[in-house]
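What follows are structure tokens for two forms of the same protein chain, given separately as structure 1 and structure 2.
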Structure 1
Amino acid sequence: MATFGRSQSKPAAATHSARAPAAARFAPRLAANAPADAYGDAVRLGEKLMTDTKALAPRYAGNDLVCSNCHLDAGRKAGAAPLWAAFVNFPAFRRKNGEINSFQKRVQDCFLYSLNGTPPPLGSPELLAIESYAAFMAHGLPSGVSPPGRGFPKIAAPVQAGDDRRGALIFAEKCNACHGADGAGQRDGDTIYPPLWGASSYNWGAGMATIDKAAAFIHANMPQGQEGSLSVQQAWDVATYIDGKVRPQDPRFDGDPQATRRRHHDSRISRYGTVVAGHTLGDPATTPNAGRHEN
């Protein structure tokens, strides 16, 4: 019997992996197999921090998201920015801050923007644990090379520009049953559907707040259970819609949405500082900052 959701995804997933060349697939080591010593303890703590970020790092997580809401399967899933693929590519220069970033520094940015929080200090037990977990999984990968599965599978911008009206229709049809009509996420028993916009979601500085990254994530990974069912145009439209909603302020905000746009968002893939549905995105008068706390 055909049912909605997970059971339907199985044939699609099988076809997908049959097409991928076997040699290109990397099997990250499981944290459960880490040694019974201080390193293994850090690896296992790192895995838990991915899925229980808020509970285990309450001082640092500012919103209702956990790392594994975006880095799926606790940071193991290829095509959902897996941590093993990232690990072997740091330290690396990042245009975002104009510095050579260590792996820990890169993770700090996801605390600051994606979790709308306060980054744990470099060398803290939290960052050491997440780095140990990534290092353990990455065992056997050459360094300095992006392995297949890193980041989100690239998609080219579709022919038509992203459109809020089409995006809203796709959202209502394919997303709101889980993420809620107001995008604020919801809880169903033990399952938590994460917020996509509003005070409890990622802030304006996050990678997911740019349309191209959100579209690539959505195209490869959503709707959960029917991954791969959206066209590039549909993913782009719904990403445009989501990233045209109100969300917490960019921590780099300097008092003026236009100046902040020019400095950090001056491109078509960000709607920050533009007028959507009658108000300026990033305007302090209408931008929530709930959840964010300075140390």
Structure 2
Amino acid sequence: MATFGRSQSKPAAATHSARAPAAARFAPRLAANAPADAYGDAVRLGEKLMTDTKALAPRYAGNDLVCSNCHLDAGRKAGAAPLWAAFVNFPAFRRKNGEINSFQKRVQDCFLYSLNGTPPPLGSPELLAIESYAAFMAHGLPSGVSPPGRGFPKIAAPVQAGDDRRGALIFAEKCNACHGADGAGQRDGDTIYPPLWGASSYNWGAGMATIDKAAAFIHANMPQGQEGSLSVQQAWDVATYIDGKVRPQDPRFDGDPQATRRRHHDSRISRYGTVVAGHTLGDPATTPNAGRHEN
């Protein structure tokens, strides 16, 4: 399948999924067309950071994912959390941290949770480049209006609860070829198929660690080349299976999985702190934390 998209170090500049939301007609500008000046250099660096995150930001990226594993087509693809659609909706209040967040602050959280790393400082060259790239692509969109194609297309929970057994069968059929039976991902030349669990994947604080967000992403975007082929139930089952695996600790962990669940994960869409296959997810004794580092 891939459940979280592959990344290429040199993204195709104008590729768009034929299954992108029908209403998403906005065409973001290409970084290659940015001006030949300092701003244009920042825009082009921002695009490269999306696809070569660890190589270009080794101090801050703590795992084997790159930004474009979730923000497909280097943050251009509608329905795959495109940067241009997010940019025009910041600053914004986020319940996750109870603060008004700038666009740069939101990107910091991607480094902290999805990349299991250390957030670059506000105003750093990395954050300025990603912000410049998002702003360049968003040219022409009204500020404060959520455009079609923002985020992942929401889906309602299916009638049946997510099921690990069904999810494992779907994963074996649709996902193994790219992500491996152990979910550790793989690299094929410049193409990165990201790890979905284990020490090199996103941590428990990432949005993808919640079943509803992972299912929405999968339903809209996976398997790549067959987008929309999975039913809502199938997407929910495989998201349940993936998010029932061991992964790095939530950076907000306060020493006790149950207390951390009550504070940050008290929902049926999170499996943190629950027992799966005899293991309590988030238990420090069995939770890998490889990759995180401090400046």
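Here, a residue number simply tells you its place in the sequence of structure 1, counted from 1. Definition used throughout: the rigid core is the maximal C-alpha set that superposes within 1.5 Å between two forms. The shown structure was predicted, so the numbers you read here are calculated from the model rather than taken from an experiment.
- The form predicted on its own appears here as structure 2; structure 1 is the other form of the chain.
- Taking 2 Å as the criterion, Glu99 does not count as shifted between structure 1 and structure 2: its C-alpha moves by less than this amount when the rigid core is aligned.
- With the core superposed, Ser143 shows a C-alpha displacement below 2 Å between structure 1 and structure 2.
- Relative to the superposed rigid core, Gln160 undergoes a CA displacement smaller than 2 Å between structure 1 and structure 2.
- If you overlay the core, the Cα of Gly189 moves by 3.3 Å between structure 1 and structure 2.
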